[in-house]
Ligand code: SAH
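Just the one chain here, the form predicted alone, laid out as structure tokens.
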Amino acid sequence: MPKLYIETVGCQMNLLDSELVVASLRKEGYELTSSKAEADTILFNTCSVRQHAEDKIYSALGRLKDAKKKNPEKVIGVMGCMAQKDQKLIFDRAPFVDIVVGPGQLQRIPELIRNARGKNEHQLAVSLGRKEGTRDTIERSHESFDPLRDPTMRPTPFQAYVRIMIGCDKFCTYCIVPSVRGPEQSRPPAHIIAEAKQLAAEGCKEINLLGQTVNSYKVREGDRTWRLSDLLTALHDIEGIDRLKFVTSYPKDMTDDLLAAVRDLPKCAKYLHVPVQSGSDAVLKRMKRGYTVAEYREMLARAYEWIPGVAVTSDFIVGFCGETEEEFQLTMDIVRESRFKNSFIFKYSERPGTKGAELYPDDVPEEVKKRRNNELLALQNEISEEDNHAFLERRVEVLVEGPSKSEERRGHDHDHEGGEGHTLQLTGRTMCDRIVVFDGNPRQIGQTLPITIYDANAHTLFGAVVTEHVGMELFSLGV
């Protein structure tokens, strides 16, 4: 039985792509291994959003040069966004790589592996560039294959990603995604619903809908137009699915019908990820984000008004081209007033092939980027901790995902067959996507439990399973 090693960096889209590739290769008889030395095929699923992610992959490839010399039959492949962006450059920098395949051509990986092993020739499969054909032909070159799923590659056996759209048409000046993942395309709702039903049949309880701008989802079928709110309503009725989430949202497409769906559908997590990127209108204009700070504030106010208790998270880029200290302080201001649950903060990394690299010099010094990153992160952590303390002594519903990171580091045996006395530290998330850690039983993994919160920090709530007295005995719910 051939063995596959796969390493994934980057976003949730890449995690899902890796799951689909592994499933297709299992169909070919492959089994997974955690050892590069044992593997007959080694695949790297790559990201191009930041330079660090690319440097990491090229470094990992360099360490495989000797292994390829010792075993020429070992197939080494690079897939994903960096593969689409760099294409033949990867073969130039690492000639021992056999396969380079973009995210729109992943269905060809089994065939490419066979060709590489049989012909000992470089195999390149990438999609058309944005100017290399009509929109229709470019879209078809980025089509994803029908998803075979592999539960072992999911975040947990009870959670799964479902792609509802691919590509992006926003063309933010800092972003390479429209170039490497192609035009925006929404999947037919029937395909998504069928996939969700299959996941439910496999025991999945939470589905996270993915799109580069997921709330831009739109499909016309005859006289009907499907939007994300319609899709959520249809998925809500699937038996076995307990929670629905979606990422990442675009501020201008946060419509009232979507906010109403999140508010009114009990299975929808009361959680929105809506990046603002900067608190300065001038920076947003250079980024070509398509909205002003005032428009973002109006959207956020509607979200807080329509969905009581909603948690909102954001993304920020510090040190974007020309960002002054005054513009950075405007970003600090919007974080102070918006009370985000948490924020993902990145230092600007110039991406060749983007309009930002073409139009603007990367002129903010690295030490300034680092300082701004740390200042914004410290402010966000302070807000997160303050808001998390509001949960003290409150009861929340937690979907139990598995052992906590601390428990996994301790190396405990997490066999679900553990006895009732086998306790361990578990982790899960609330309906507003806050992380909760508590002591529990292995058999509680995959259940939704009531937890009372007794402590909190910026990143985590700490709680205990709610118990009920029945007669003279004490029962722990979910055990």
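Start at 1 with the first residue shown and count on from there. Just so it is clear, the model here is predicted, and its values are computed rather than measured.
As for the form predicted in complex with ligand SAH, it is not shown, yet the points below apply to it.
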property: Non-hydrogen atom contact Arg289 with ligand SAH in the predicted bound form at 4.5 angstroms; result: yes
property: Gln277, heavy atom within 4.5 angstroms of ligand SAH in the predicted bound form; result: yes
property: Interface membership of Val49, ligand SAH in the predicted bound form, 4.5 Å heavy atom rule; result: yes
property: Proximity of Arg297 to ligand SAH in the predicted bound form, heavy atoms at 4.5 Å; result: no
property: One residue of Asp237, Glu221, Glu143, Asp315 in contact with ligand SAH, assessed in the predicted bound form (non-hydrogen atom, 4.5 angstroms); result: Asp315
property: Heavy atom within 4.5 Å of ligand SAH in the predicted bound form - the one residue of Lys347, Arg130, Lys74, Lys270 that qualifies; result: Lys347
property: Segment assignment from 153-161, 93-101, 169-177, 227-235: heavy atom within 4.5 Å of ligand SAH in the predicted bound form; result: 169-177
property: Triple contact flag Gln212, Thr248 and Arg351 to ligand SAH in the predicted bound form, non-hydrogen atom at 4.5 angstroms; result: yes
